[in-house]
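So this first bit is one chain, no partners, the form predicted on its own, shown in structure tokens.
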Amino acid sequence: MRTLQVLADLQSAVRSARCAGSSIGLVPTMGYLHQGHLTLVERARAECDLVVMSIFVNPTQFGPQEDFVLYPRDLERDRYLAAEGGVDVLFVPDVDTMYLGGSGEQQVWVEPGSLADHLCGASRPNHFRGVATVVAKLFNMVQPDRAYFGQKDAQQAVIIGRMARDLSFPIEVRVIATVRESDGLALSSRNVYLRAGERQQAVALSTALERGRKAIEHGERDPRKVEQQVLGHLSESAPEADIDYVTVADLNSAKPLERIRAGNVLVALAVFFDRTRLIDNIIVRVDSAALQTDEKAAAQR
């Protein structure tokens, strides 16, 4: 594995691979790698000839009171895990490489529009502007055939997929299922912040989402009632959690639903344990036949 910090070196490596007829996969990360990241690498390794991973803690996606300075970093550990996982090129740029003259000099941004109005975007203003802009930069720098993202960051995946489409990036955006601990907690670099009691309570995020799934699968079509079931479980099982949001939304737009219809429904949540913010979600498929059966049953009652 080659570790590169200079953009020209990265582009030279990518150009050589491209000239040799190789396909290129990109796995963008902020480092402090875990099995979720390595699962993205595994998929990229299976589908691409050259796997590029980036590690960059992007300052423009953090708010003034968020954990940019404290965000966990361990480059030597990440280098080892990336090499073991099958990464060919590890790109570790500094801020001046990603933002010429520093992030404060950035004038042109990728605006995610209404896709960032809800869920995490509502409580983290400009977060997705920073995400979309830095990913667009990486897309231009690497020019991959495919780029890999985790479903845990569902709204991010929606925005990046739409950005690639709307801005005509010739890139396939692949979204890979959330990787979880054996007890159901979604893997996250921020999990290391959790104290022992908080870690035990954090399991309630996934079990609360399963409550929401079961409610929908059993015929509940009012999103607010589904949300109340999720909230109730969180209140009982994670009393130290400060709930940011619990929302039933359309998977394609991240917009809260007024009524659950046929299609892919996103049940998403975010909570704080002290200053540690965790997110999680599940996708529930509601097919037309089940919806029609539920509507007929409701009409007969």
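Don't overthink the numbering: it's just position in the shown sequence, from 1. Everything quoted here is computed from the prediction, not taken from an experiment.
Just so it is clear, the following notes concern the form predicted in complex with a small molecule, a form of the same protein that is not shown.
S.K.: Partner absent here, but in the model of the complex, which of 152-160, 195-203, 221-229, 107-115 has residues with a heavy atom within 4.5 Å of the small molecule?
M.R.: Answer to the contact question: 152-160.
S.K.: Heavy atom within 4.5 Å of the small molecule in the model of the complex: which of 83, 92, 164, 179 fits that? Just give me the one.
M.R.: Of the listed residues, the single hit is 179.
S.K.: Out of 187, 122, 75, 141, which one falls within 4.5 Å of the small molecule in the model of the complex, going by heavy atoms?
M.R.: None of the other options qualify; the answer is 187.
S.K.: Is residue 169 one of the residues lying within 4.5 Å of the small molecule in the model of the complex, judged by heavy atom distances?
M.R.: No - in the model of the complex, heavy atoms of residue 169 and the small molecule never come within 4.5 Å of each other.
S.K.: Residue-level question: is residue 29 within 4.5 Å of the small molecule in the model of the complex, judged on heavy atoms?
M.R.: Contact with the small molecule, yes.
S.K.: Wondering, does residue 71 line up within 4.5 Å of the small molecule in the model of the complex on heavy atoms?
M.R.: Yes.
S.K.: Indicate whether the small molecule has at least one heavy atom within 4.5 Å of a heavy atom of residue 34 in the model of the complex.
M.R.: Residue 34: yes, in contact with the small molecule in the model of the complex.
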